[in-house]
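Quick setup: one chain, the form predicted on its own, written in structure tokens, and binding and motion questions come after.
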């Protein structure tokens, strides 16, 4: 088992991964707030988490991964003080319930993960289904003197936690009061944050609690769900760089304040995806989604490749020129795979030096803080060498060995097998492929009667359709 070196945002240095249980890694990912479609900036963060998990499994670790769904409302402290809840604002705008909006957006999110070939987390807990755990955590913080009750709810007392600010560097002496709104006068310190809110009768989603009917603050949700499914002393917690403060800082304070135990061993944060030098953000109105990418004629795999080609701790500038380049590199992969697939399938007779050396270099790159650009350079070098080997042995003697190496590389890259499936369907008539696309749209819309009719039409044309974790797969009936 190879032990990777990862950059820990808490200690601000590279460290060998030391897990609580040898050979096993527990990962918690801050998941989406499901009030609007996730844009490609959001998806960079889930691709980073996917590359991390796949790399750890490549090294031989057993991974348990949890990604939450924020379906109660994602509120920063300023938004709590202003009474704004993104999910409820969107529900009122569309004249739907928050639950309807959350369900629609969760389905779209999971579909986008599938399109990008991101491995499903072991569980996607929803905040709305873990109110009991949040109440229990809040009660524990009150009993231990880390929280206090006011007329507007229950707040965490940041001055009760001496280590506050260690992750972000935002120590209490440096935090300015009320960046955009007036800080509530009943708070003991401007940085105190809500655990439970009780003074908002207009809020649509509310639950009973010992302190009155209300709803949770944003930060308590992740602490409650991570502790529920992974326990304390989590091995790795990931998120975007903007989660570092206040969200992750507050998670540490309330989790360790309640349990008295370390919360997370390694914190990992990816940098933003930029467009024209600015962060992509839903609230700015710029919505570049996977649908936008498809409409422009690109494969979602081109975006996966684009993200893999940059280090997760480097800002990444999105542009259509960059997507052109990514699609061009995918075509290099396609041409190579077509050549390989046309050769006789022969079992590997033992990895030759180029294959084992490529895998060693690939693993070494990933083990150095997930250096995916360097790993990708190894892949292209291996393809170059493999083309030369196939030129020297056109009868396919080396094809099996090359395929075995590519399969191991693709357990992290997550592109080759998808491209092979695309190549296999290139000979399927366009009309049949369109039927499969319409059926997938019907399934997403939960129109299962229509989906069954389209499946029958596909079978009538002489093709079978299999639903897989990476999407529908067509094949000629045998």
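Residue numbers count along the first chain shown, from 1. What you see is a predicted model, and the numbers here were worked out from it, not measured in a lab.
Keep in mind the form predicted in complex with a small molecule is missing from the figure; the text below concerns it.
For the candidate set 271, 130, 187, 334, a heavy atom within 4.5 Å of the small molecule in the predicted complex is found for exactly one residue, namely 271. For the options 49, 30, 435, 412, the residue carrying a heavy atom within 4.5 angstroms of the small molecule in the predicted complex is 30. Remark: residue 45 counts among the residues lining the small molecule in the predicted complex, judged by a heavy atom distance of 4.5 Å or less.
Although the partner is absent here, residue 259 is not a contact residue: none of its heavy atoms lies within 4.5 angstroms of the small molecule in the predicted complex. Using a 4.5 angstroms limit between non-hydrogen atoms, residue 98 is distant from the small molecule in the predicted complex. Although the partner is absent here, residue 355 sits far enough away that none of its heavy atoms falls within 4.5 Å of the small molecule in the predicted complex. Segments offered: 51-59, 32-40, 413-421, 447-455. Contacting the small molecule in the predicted complex at heavy atom distances within 4.5 Å is 32-40.
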